[in-house]
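Here we start with a single chain on its own, the form predicted on its own, put down as structure tokens.
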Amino acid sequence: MSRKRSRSLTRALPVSPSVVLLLLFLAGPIAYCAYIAFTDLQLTGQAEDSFVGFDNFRTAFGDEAFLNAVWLTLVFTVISALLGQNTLGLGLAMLMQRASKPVRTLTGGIVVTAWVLPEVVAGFLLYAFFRREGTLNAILDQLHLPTQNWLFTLPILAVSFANVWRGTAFSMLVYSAALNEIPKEITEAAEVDGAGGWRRMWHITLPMIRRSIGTNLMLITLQTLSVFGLIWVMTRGGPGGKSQTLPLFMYEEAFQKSMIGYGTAVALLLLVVGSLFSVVYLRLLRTEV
């Protein structure tokens, strides 16, 4: 028994520094934030904080601004991640499978360039594209089509498109790798049997990359839920909170209004939303093809 214990300790020794670092820099801050969420801690003007229980959470669910931020977060996630990045990434990956090498190189380079840009830089680029005197209105004006201030009239759609433009490359790379793993013999046999392109996609391609789809959806959903810099640069959550997602609402409450306890409670609720999405996708990943 002692020999087995010594072997277990010996095997655990190399990973122990990583475990300590994770506990110190990940689990520790999360536990401290969980404590702060149940207090009335403020950034300024307070001698000491006090425990308030679930008051911060009750305040959140009774706050129309918070409920509006939850709704906009879901809209932003569905449009930019589930529909935009996921669908466009899959489409580009399928098209690049049939394209020539120069076309694949050029397309991949353009898409990946948008992905590697810092979030703030991408935000400024898309702000210049959507603003009243921006590129989009200049193109519409040349086509004699009506123009508008997109960041004022349709801000949540503008920032959603910006996130699609910036994040599609990740989905494209995931699906390109998954499609390369499909045996060519299967698709060739389906062609011989007379299956068209749509039938091959629905009955062969999508079922065989289902696990990659689930993994990609989980990763881009969690990334989209935490987007802050892109929206902050383009709209700062405005006008009138029309593009204020939960990260921006949390920042406003915690650092602009100095209500650290309330803002941290909102952050925990955002963590719960991300966990719910993760549970759904993990259950999908458990299903074998």
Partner chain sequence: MTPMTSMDRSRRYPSSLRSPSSRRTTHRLAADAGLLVLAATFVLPLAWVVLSALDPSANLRVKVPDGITLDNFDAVLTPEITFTPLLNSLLLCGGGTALTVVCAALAAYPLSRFRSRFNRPFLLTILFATSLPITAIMVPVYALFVRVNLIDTMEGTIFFFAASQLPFAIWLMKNFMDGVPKELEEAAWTDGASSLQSLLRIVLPLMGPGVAVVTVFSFVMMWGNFFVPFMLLLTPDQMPASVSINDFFGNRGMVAYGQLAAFSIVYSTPVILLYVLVARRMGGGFALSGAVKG
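Treat the numbers as computed from the prediction; the structure is a model and nothing was measured. Numbering follows the first chain given and starts at 1.
The form predicted in complex with the partner chain exists for this protein as well; it is not shown, and the discussion that follows is about that form.
Taken together, Thr105, Gly108 and Ala138 are fully in contact with the partner chain in the predicted complex: each brings a heavy atom within 4.5 Å. The contact with the partner chain in the predicted complex, taken as any heavy atom within 4.5 Å, belongs to Val112 out of Val78, Met201, Val112, Leu154. Only one of Leu145, Leu206, Leu83, Ala128 lies close to the partner chain in the predicted complex, with a heavy atom inside 4.5 Å, and it is Ala128.
When the partner chain is considered in the predicted complex, Ser212 lines it closely, a heavy atom lying within 4.5 Å. In the predicted complex, Asn149 stays away from the partner chain, with no heavy atom inside 4.5 Å. When contacts are judged by a 4.5 Å heavy atom cut-off, Phe61 does not count as touching the partner chain in the predicted complex. Taking the partner from the other structure, the partner chain in the predicted complex has no heavy atom within 4.5 Å of any heavy atom of Gly240. Residues from 77-106 that approach the partner chain in the predicted complex with a non-hydrogen atom closer than or equal to 4.5 Å are Leu88, Leu92, Leu95, Met96, Gln97, Arg98, Ala99, Ser100, Lys101, Val103, Arg104, Thr105, Leu106, in the order they occur in the chain.
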